[in-house]
Structure formats: structure tokens, C-alpha cells
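Here we start with a single chain on its own, the form predicted alone, put down as C-alpha cells.
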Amino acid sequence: MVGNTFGIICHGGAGVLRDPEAAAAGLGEALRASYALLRQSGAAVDAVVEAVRVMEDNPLFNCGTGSAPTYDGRTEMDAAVMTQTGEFGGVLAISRVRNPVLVARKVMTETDHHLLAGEGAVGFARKCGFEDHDPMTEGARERLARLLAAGESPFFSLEKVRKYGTVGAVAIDRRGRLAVATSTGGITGRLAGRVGDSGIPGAGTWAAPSGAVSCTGHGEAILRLMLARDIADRMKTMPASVAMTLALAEARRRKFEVGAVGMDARAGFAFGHTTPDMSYGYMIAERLFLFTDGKDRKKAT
């Protein structure tokens, strides 16, 4: 790490972006809120949880409020939080909570478990004081209705998906500590009970002393690659940007639609995707950078 450099990088999903401008605005809000914590000497884990919480409350993103429904109309969400020291907490197929990432952090800090799923995760959330909340929006219901009217489920055909709204954040604080958080509402029309990569350590979420990574894209592909850990492991011997490039080259060779953001121990940022688009951005040294397709860049100082 160089000096006491601190910063954060976030993604808001990959695939084909429906509203790039809104995605950029939502990412900017999350980055500013989380960077403010880092500026005040807050911990990296606090920053990534705050960034993801802000995006979970924005119905534009496929996480928290606005999550994609299953084929039978349920809303099941996955989320995870991890620090470079190996602390990890995640929830899988959790329903009727506003902020899965906050429940995931409680799993990490209040239990000796790493993962809670389904009704058990919901029960734990209630015991921790998280109130009942219906995360499905009217827009999500309409998308499911169109899917059902067509008699199809995109879960069985990647070509019908092309939109992954998973969100995630990676941060490094003034003390050089890395952390990551990821949250997703899944794929519209998937089977009930399906679990993707976001809540699985090493797949969509991973942090280690060498680096931290959060992934987005087709969950089954990311699981097969164990993509987040692959990228972070490569950071042991190379900069974050090179590690990302090499890992995504393998994904591209296998025709997997994925994306990721990460950071190494020297505060080097990395981002990339094999999908047509990905929304992401980062903030460091009081400067904010936002990307909506890997080419268009906006900068605010």
C-alpha cells in the first residue's frame, strides 16, 4: 500500500444496461456515501457494507428492493461480506428483508456460522430486529409477467438473460485493510431455491491479504470459475489490473458472461467484463470516476 491511500470501487451489474445514466447516478450516490466513511478513518468493511446498502435501497439495481422474482413469483436474495482476515458472513435465498447485506454482516459478527439460507436466514434476521419488507417492485412484477406470457424462463437459456444487476463493492481503508460486499436479487424467472455466486465465498465474493474481488454476471459461470478467488490469488504475484485481465481472458475463452471489480493490497484498482456492458466506478483521492459501458467515463473532482 502506498502511504495511507484509501478508496473504494463498486459495480452495479453487467450484461445489457437498460438505463446507463441512472446506473451511473446510483453508483455515484453509493460511492460518495462510502467514501465519506473512509475519509473519516472508517473501516473498509463499513464502507463496502454502506455502498451496497445504498444500492439495495435503489430499485434500479437487482438487489434488495427491486430484486428479480423467481418463476413462481418469490423474491429470494443472496448477499455476502468478507474481510482480508477471513471473516465472512452470507445469506442465501433470503426473503422479505430490506437489506440482505446487513443481515449477512450480522451473520459474520454475531454467529460462528458463515452462511444462513432460506427460512433460517429470515428467522435470524427477525431475531436481529430486521423488519418484514416486500422487496419486489411493480417493475419486477411486470418483467415476470412478460416472461410468463411468453411461456419461457431465461434460467434455462443464457441468451434470454443478458441483464445481471448484482451489485458489489471493494474498499481499502487508511490502515490498509481490504473488504468486499456483494448482493443480488438473482435472475428473473429462475427456479425457486436457486443460489448463484454472490453469497458463495471464492465465487462472487472474496477477500485476502493479496486483494479483494466482487463479481457480477452469470452466476453459474462464476461458480465454475471460482472467479473472485482466482483473481485475488493472481494478485499475490501481479498487479490487480493484470490479474483481472488474465482471469477474464479465461472466462472469455469459455464464452462465459461475467464481470468483476477488485483491488490489490497497494490500492491498485481493477475492473473488467466479458458482457456487452457493465456499470462500475471508483473513488480515490477525492476524485470520482463512473463508467457505464467500459468506454464512456465521467469524472467529478
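All residue numbers refer to positions in the sequence shown, first residue = 1. For clarity, every value in this text was computed on a predicted model and none was experimentally measured.
A second form of this protein, the form predicted together with ligand ASP, is not displayed here; the remarks below concern that form.
**Student:** Though only this chain appears here, would T166 touch ligand ASP in the predicted complex if you measure heavy atom gaps against 4.5 Å?
**Tutor:** The answer is yes: T166 has a heavy atom within 4.5 Å of ligand ASP.
**Student:** In the predicted complex, is there a heavy atom of ligand ASP that lies within 4.5 Å of any heavy atom of I187, even though the partner is absent here?
**Tutor:** So I187 counts as contacting ligand ASP.
**Student:** Given that the partner is absent here, does P135 sit within 4.5 Å of ligand ASP in the predicted complex, heavy atoms only?
**Tutor:** No, no contact at 4.5 Å.
**Student:** Does R194 reach ligand ASP in the predicted complex if we count a contact as any heavy atom within 4.5 Å?
**Tutor:** Yes - in the predicted complex, heavy atoms of R194 and ligand ASP come within 4.5 Å of each other.
**Student:** Looking at 168-176, 227-235, 194-202, 119-127, which lies within 4.5 angstroms of ligand ASP in the predicted complex, counting heavy atoms?
**Tutor:** Of the stretches listed, the one contacting the partner is 194-202.
**Student:** Can you name the residues of 214-229 that have a heavy atom within 4.5 Å of ligand ASP in the predicted complex?
**Tutor:** Residues within 4.5 Å: T216, G217, H218, G219, I222.
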